[in-house]
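Next up: just one chain, as structure tokens, the form predicted on its own.
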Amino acid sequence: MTRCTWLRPCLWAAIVALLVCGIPAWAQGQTAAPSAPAAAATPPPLAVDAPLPVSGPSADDQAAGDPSGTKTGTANDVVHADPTKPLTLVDLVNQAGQNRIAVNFVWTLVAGFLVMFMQAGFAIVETGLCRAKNANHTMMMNFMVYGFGLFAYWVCGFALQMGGAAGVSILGGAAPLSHEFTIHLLGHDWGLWGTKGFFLSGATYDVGVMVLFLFQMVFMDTALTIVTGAAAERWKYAAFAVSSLLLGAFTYPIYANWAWGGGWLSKLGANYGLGAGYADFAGSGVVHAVGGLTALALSIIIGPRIGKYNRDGSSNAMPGHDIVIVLTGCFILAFGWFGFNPGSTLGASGALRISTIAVDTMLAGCTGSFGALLYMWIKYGKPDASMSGNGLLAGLVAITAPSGYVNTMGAVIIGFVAGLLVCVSVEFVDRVLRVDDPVGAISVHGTNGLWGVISVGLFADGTNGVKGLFYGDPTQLVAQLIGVGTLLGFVFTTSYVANLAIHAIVGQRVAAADELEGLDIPEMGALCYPEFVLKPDTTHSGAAASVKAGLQVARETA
């Protein structure tokens, strides 16, 4: 009993302690069980200027090389706003933004370099389609049109075209290009020309502006070089220089402003409900039709080559001297067109449609050559090499405006029609208008530049906000036809008047004796092919008739 006496109080004490301490704890556990464990406290958001932990490959790893590329390019390569301080979130965000713009800079610059290389293609196409006695002169026009045009565009052309085009976000904004001269007409402001960027001075000394200048400049140069082909073999070099300066400084930039620089043509949609406004993605109108219509105006003023037409008005063929360089030049131009059309996105980051634009460009050039080859083969019994090359170029010219807005089926149709159209146009210009164009520039660039502008209003499928007649919006075609009317009314008229003035002051055409001799010696002072003996080919009646007619005209002129 003694043992039970002290054990019983101990047992009761343990039970009381369990009740006091254990039951509340058990009850609390039962209550909390259905709920998730309490989350850890959320850390405060990282301050944008707070240091970030940075890790990368060790020095030993780097010393071992990086054949797979997994150790190259880490957070250690991010530019620090303050090199004396650790990396921050601001640094990362700024680097991401600059990288996007840098990708677009590089893409646009490389595209511009490709377009600049097209100058070589134009030079040898035109030279090959001319006679050997004029090869030096033709090459020198194509060589120096780049310099004359670039200088004029730097002085004032770029400012007139793009001086009010600020807001090019894909290239960082180009904010200094901030003012467009406008007039208020029919209830809306009509932009006429830009006023910022003369000599690329002042605030336009800006990296984004420089990218835009280079890209737009090579487009302008393409328009200028078109004219040299149509006026080849009889154009006075001094007149060529003055005419090129005027075209690069005024005529081209003004129309380009209306279409691309924020001018009135681009606002036809916003102001008057005409589709998306005049749409010319890469310049069928702005570049090619401007060059082709200027070539037409000048060719009318300067007249045909001696021996081109007989007294009865019939035309004589005056074949070029080297078809090899002609078709080589066509390949160079087709290659450069990948800068022309896909490059007009002005960026690759956020502009992945460059792939579709590139394919559209290829297809239209291909079907353009098909169209021209079939036309010549069916009509004349042989596939003509020079016209096949012109068909390729015609297809490329025609797809330049719609390339950003059409699908591949549209591109195929546009190119094929262009190939047929260039053949018909060459015959019409030569035989009906009796305008002499040694290389077919008026038809390739003028006729098919206009066709390219019109085709946007027909085949645009709604991509990039532009929809043509065949996809439900006839008002877009109206906007495109207004652009065509402006090209014919403003560009052709201005070019004709300007070149008529140059003709009166400087004289556009070389002397008849110099033309018959060939322009290499009289105009350039050296033959392109000094080892060759140049003489007329009397084995073909057409060539013989051409020479006889030329000599007769020269005697009458003298």
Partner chain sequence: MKLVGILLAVFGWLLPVVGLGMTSSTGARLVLCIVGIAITLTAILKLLISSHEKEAVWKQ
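Residue numbers count along the first chain shown, from 1. As the structure is a prediction and not an experimental result, all values here were calculated from the model.
From this point on, the text means the form predicted together with its partner chain, which you will not see here.
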**Fill in**
Partner-free chain; cross-checking its partner chain in the model of the complex, the single residue of Gly381, Gly485, Gly472, Pro83 with a heavy atom within 4.5 Å is Gly485
**Request:** Find the only residue in Trp154, Tyr272, Phe338, Phe370 having a heavy atom within 4.5 Å of its partner chain in the model of the complex.
**Result:** Tyr272
**Residue stretch of 296-304, 361-369, 161-169, 244-252 approaching its partner chain in the model of the complex, non-hydrogen atom distance within 4.5 Å** = 296-304
**Message:** Would you classify Arg311 as touching its partner chain in the model of the complex, given a 4.5 Å non-hydrogen atom cut-off?
**Reply:** yes
**Message:** Can you tell me if Ala75 lies within 4.5 angstroms of its partner chain in the model of the complex, counting non-hydrogen atoms only?
**Reply:** no
**Message:** When the contact criterion is heavy atoms within 4.5 Å, does Val497 count as touching its partner chain in the model of the complex?
**Reply:** yes
**Message:** Is Met116 near its partner chain? Define near as a heavy atom within 4.5 Å, in the model of the complex.
**Reply:** no
**Prompt:** For the spot marked by Trp107, Tyr205 and Met217, is every residue within 4.5 Å of its partner chain in the model of the complex through some heavy atom?
**Reply:** no
**Asked** From first to last in sequence, which residues of 426-442 have any non-hydrogen atom within 4.5 angstroms of its partner chain in the model of the complex?
**Response** Phe428, Leu433, Arg434, Val435
